[in-house]
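Shown below, as structure tokens, is a lone chain in the form predicted alone; questions about how it binds or moves come after it.
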Amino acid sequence: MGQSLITAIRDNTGSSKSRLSKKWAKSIPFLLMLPALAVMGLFALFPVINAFRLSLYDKQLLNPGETFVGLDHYSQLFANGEFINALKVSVIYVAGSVALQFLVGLVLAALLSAQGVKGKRFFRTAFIVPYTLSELVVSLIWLQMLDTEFGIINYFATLLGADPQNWLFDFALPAVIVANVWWGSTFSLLMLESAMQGIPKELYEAAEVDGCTSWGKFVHITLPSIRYVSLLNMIMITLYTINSFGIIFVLTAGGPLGSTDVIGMFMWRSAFQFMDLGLGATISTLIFVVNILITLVYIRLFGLNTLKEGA
């Protein structure tokens, strides 16, 4: 009786230790993530929270004082014609840039992944070169290329019999979209080509046996296989395009007549040219909310439940 009681106590103690050790083992990954979460909270969440707080105050750049104004900045923005124009220009700029960046990257990735294409290494290197340049260098290159008198674009246009154009005045928004696409398409190319390289060759071989054409294999095998990478790619290039304004700042500075005045330019001008930090923080808060909404829309369009199963 006494012997069996001691054995039972030992078994219970051992099982308790085993359960504790299993719980401890499960908690280790979360404990290891704590430093990264702390850093992310310090450098990512704190600026967002502080920007929202600042948007509720009348705060000037050279004035240390703050006056609480509530939601006045938000109501002022949506009654501001320049802000409404910036929203419209941003929608066109982001939609055009993202669509063209993704399509150009997808086509180039498909060509570089296809069998029988010669010179892949050369073309891959040539396509990557623009992405190794900084946004400022890319902007200066396109500033020279689009020059009315000495630009190479007008040189080739003249050879084809067309009249020279003032691209940064008459076609300002398409010009900055093309410059942004030229620079950013490489990012889509790298992501999508890497995803295509991971597709099992057996799928294509089985499709060939069934008589599937090259277009059919691309539609029914390649595109579904790179669906999640495409989702991530589109989210990243959309968020980057919304938040960037470097190319526009150098090429047109938002002109002419506000035709390239995207919301990033409007925020910069409000905060640092007109020194209204409260209004600038309001615009940055709205951009953050738009970023979150766009990400949710993308995930919804691509199918969140399917994404979880495929993860």
Partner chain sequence: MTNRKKSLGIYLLMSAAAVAIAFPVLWMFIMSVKPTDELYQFPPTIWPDKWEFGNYTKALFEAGIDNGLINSLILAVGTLALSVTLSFPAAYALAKYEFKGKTILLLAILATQLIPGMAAIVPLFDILQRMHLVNTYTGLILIYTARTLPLNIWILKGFFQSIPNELIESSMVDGSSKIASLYRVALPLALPGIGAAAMFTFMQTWIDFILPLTMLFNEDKFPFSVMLYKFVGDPIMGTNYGVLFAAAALGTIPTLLIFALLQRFFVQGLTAGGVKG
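Predicted model, so just to flag it, every value in this text is computed and none were measured. Heads up, when I say rigid core I mean the largest set of C-alphas that superpose within 1.5 Å between the two forms. Residue numbers count along the first chain shown, from 1.
This protein has a second form, the form predicted together with its partner chain, left out of what is shown; the following refers to that one.
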{"property": "Answer range among 71 to 79, 218 to 226, 149 to 157, 85 to 93 for contact with its partner chain, defined in the predicted bound form as heavy atoms within 4.5 Å", "result": "149 to 157"}
{"property": "4.5 Å heavy atom contact, S134 to its partner chain in the predicted bound form", "result": "yes"}
{"property": "In the predicted bound form, F171 touching its partner chain (heavy atom, 4.5 Å)", "result": "no"}
{"property": "Its partner chain contact in the predicted bound form: M145, any heavy atom under 4.5 Å", "result": "yes"}
{"property": "4.5 Å heavy atom contact, N243 and its partner chain in the predicted bound form", "result": "yes"}
{"property": "Within 4.5 Å of its partner chain in the predicted bound form, all of A36, L111 and W183 (non-hydrogen atom)", "result": "yes"}
{"property": "Sequence-ordered residues of 242 to 279 touching its partner chain in the predicted bound form, heavy atom within 4.5 Å", "result": "N243, S244, F245, G246, F249, V250, M267, W268, A271, F272, L277"}
{"property": "Exceeds or equals 2 Å, Cα of I294 between the shown form and the other one, core fit", "result": "yes"}
{"property": "Residue shift check between the shown form and the other one, rigid core fit, K88 Cα at least 2 Å", "result": "no"}
{"property": "After fitting the core, K201 CA displacement of 2 Å or more between the shown form and the other one", "result": "no"}
